[in-house]
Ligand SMILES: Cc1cc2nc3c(=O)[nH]c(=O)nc-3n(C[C@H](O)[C@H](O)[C@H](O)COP(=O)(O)OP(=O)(O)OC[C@H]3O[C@@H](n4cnc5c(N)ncnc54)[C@H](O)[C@@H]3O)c2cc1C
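The chain below stands alone and is given as C-alpha cells, in the form predicted alone.
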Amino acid sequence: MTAILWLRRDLRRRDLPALGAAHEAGPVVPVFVLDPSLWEGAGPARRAWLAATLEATRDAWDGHLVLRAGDPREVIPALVRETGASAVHVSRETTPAGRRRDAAVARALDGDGVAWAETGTPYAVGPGVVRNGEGNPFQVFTPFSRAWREHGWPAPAAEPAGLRLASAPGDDAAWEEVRAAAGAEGVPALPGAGEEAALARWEWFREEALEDYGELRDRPDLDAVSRLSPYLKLGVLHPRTLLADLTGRDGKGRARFEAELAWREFYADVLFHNPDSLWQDLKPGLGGLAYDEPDTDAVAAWQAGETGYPIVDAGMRQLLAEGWMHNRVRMITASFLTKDLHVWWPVGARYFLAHLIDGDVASNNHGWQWVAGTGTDAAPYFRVFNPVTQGLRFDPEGDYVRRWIPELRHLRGAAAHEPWKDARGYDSGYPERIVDHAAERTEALERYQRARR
C-alpha cells in the first residue's frame, strides 16, 4: 500500500524518522501543502526562502515531491483518496496552530479509515518530554538544559534500505507561484537553499569557527556564528544531526553551541506547555505595565533603521537586506523598542516574524519576552540594553555599523557608534537620536517598578 509523507518543518531527506515509518507501509509519496493562510501572510523574504527550499527539496527527492496548494484539511484527504494511501506519516507538530491543524486532518482521515502516524519532531528531544522531579515542565533554562542533556537523544536516522518513491500529480500553478516567489524583485540576498548547502555551512562552521564560538558569538562584525537557523527553521537540518557531529569534541565553543540548541528546545517546550504565551505575557506580573501607542513615527524609525543609534539601525537594516539579524543585535533592537520606545513586545515580534527567514515562533516570541521582562527570566525588570555601550563592546571597530549604514562610513573606528561626538558625524545625512536613552531608561524602570507594586 502507498503511504503519504506529509512534509512541513522537515524539508529534507536525511535523518528523517517519519520517512522510515512511511517506508514500512510501502511506496512513499512525499508531499508539501502550500497553505494560503501561511503563505500569503509571510513577507517576501520568508516566501522566497521557503520557495527556494522547496525547489531544492524537490531535487533531493528526485523530482517526486508533490506540491499542492490549499487548506491541508482538504488537500491531504483528497490526495489520500487519489493515491489510495493507507496512512499519512508526519513529524509531530508542537506549535499551537500546527497541533490544531493536525488534529483536524487526523479526524478527517479517521473517518475514512486511514491511519495517522506521527514519528519524531523538529527537535532533538520533543517538547513535553523533559520534566522536573515532580513531573512538571521547567520554567527556567538552566535546569531544563541539564535535564535535556541527561535525557539524551537518539542517533540520526538512516534512510531506509530499498526505499521506493511513488509519484502523484502536483499543482503546476503552485509550482509557478513558488518559482515567482523565489525570483521576486527586491528579495534580500538569501543563503544557498537545501540540504547540501546547509551541510556545507555546518561543515565550515564546525571546522573553522566552532572552536572560537564561545568567545566570538556576540560579535556581529565577524563571521563567527553558524547561520544555521534558517535551515533549522524549515527542518532542512535536524538538530540531532548537529549534536551527533559534536560527539567527541571538547571546548567552550562546543559547549556554547550545544547550549544554543538547548535554548531553541527550551522555548519550544515552554510554548508547548503554555500556548497562550505565543502572543500574551508568559508571566502576568507585569500585566499592569504602561505602554505607548505603537503606531508612531518612532516605531517607523525603528523599523527603517533610522533611530539615530548606530547599532540599532545597523541591525534593522541588516534585517531588511538579508532577512536575518545577528542574535546579539536582535536583543539590542528588541530592548530599544520595548524599553526606549515603551512598546509592547508583540509589535516587535510580529515585525520580526514578517521579515526573518529563520522566524520560529517559539524562539522569536519568547526571546522577545526575555528582553521585555515578561518571559522565562527570574529577575529581568532592570535589564535595559544601552545601545551605545553594546555597540562599543561587541562591534569595537565599528565595522558592522559601517557595513549597514553608509552614512557613517566616513567615521573611523569606534567613532561610528557615537556620531554626535564627531564634528563631521552628521555630514552624510545620518539622523539624530530620536530619544535620549538615559531618560528613557529611567522612565522604563519607573514603569516597571510601578507595575510590580
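Residue numbers run from 1 along the displayed sequence. Not measured: the values here are computed from a predicted model.
The following text describes the form predicted in complex with this ligand, which does not appear among the structures shown.
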Worksheet item: Does this ligand get within 4.5 angstroms of any non-hydrogen atom of M331 in the model of the complex?
Response: yes
Worksheet item: Counting only non-hydrogen atoms and a 4.5 angstroms cut-off, does Q318 reach this ligand in the model of the complex?
Response: no
Discussion item. Please tell me whether any heavy atom belonging to L237 falls inside 4.5 Å of a heavy atom of this ligand, as the geometry stands in the model of the complex.
Written reply: no
Discussion item. Can you work out whether D102 and this ligand are in contact in the model of the complex, taking contact to mean some heavy atom pair no more than 4.5 Å apart?
Written reply: no
Worksheet item: Heavy atoms within 4.5 Å of this ligand in the model of the complex: which stretch among 112 to 120, 227 to 235, 180 to 188, 76 to 84?
Response: 227 to 235
Practice prompt. Using heavy atoms only and a 4.5 Å cut-off, determine which of W175, W344, F138, W263 is in contact with this ligand in the model of the complex.
Written response: W263
Worksheet entry | The unique member of A198, V88, V270, L356 whose heavy atoms fall within 4.5 Å of this ligand in the model of the complex | L356
Worksheet item: Is this ligand close enough to F257, M325 and S363 in the model of the complex that each of the three has a heavy atom within 4.5 Å of it?
Response: yes
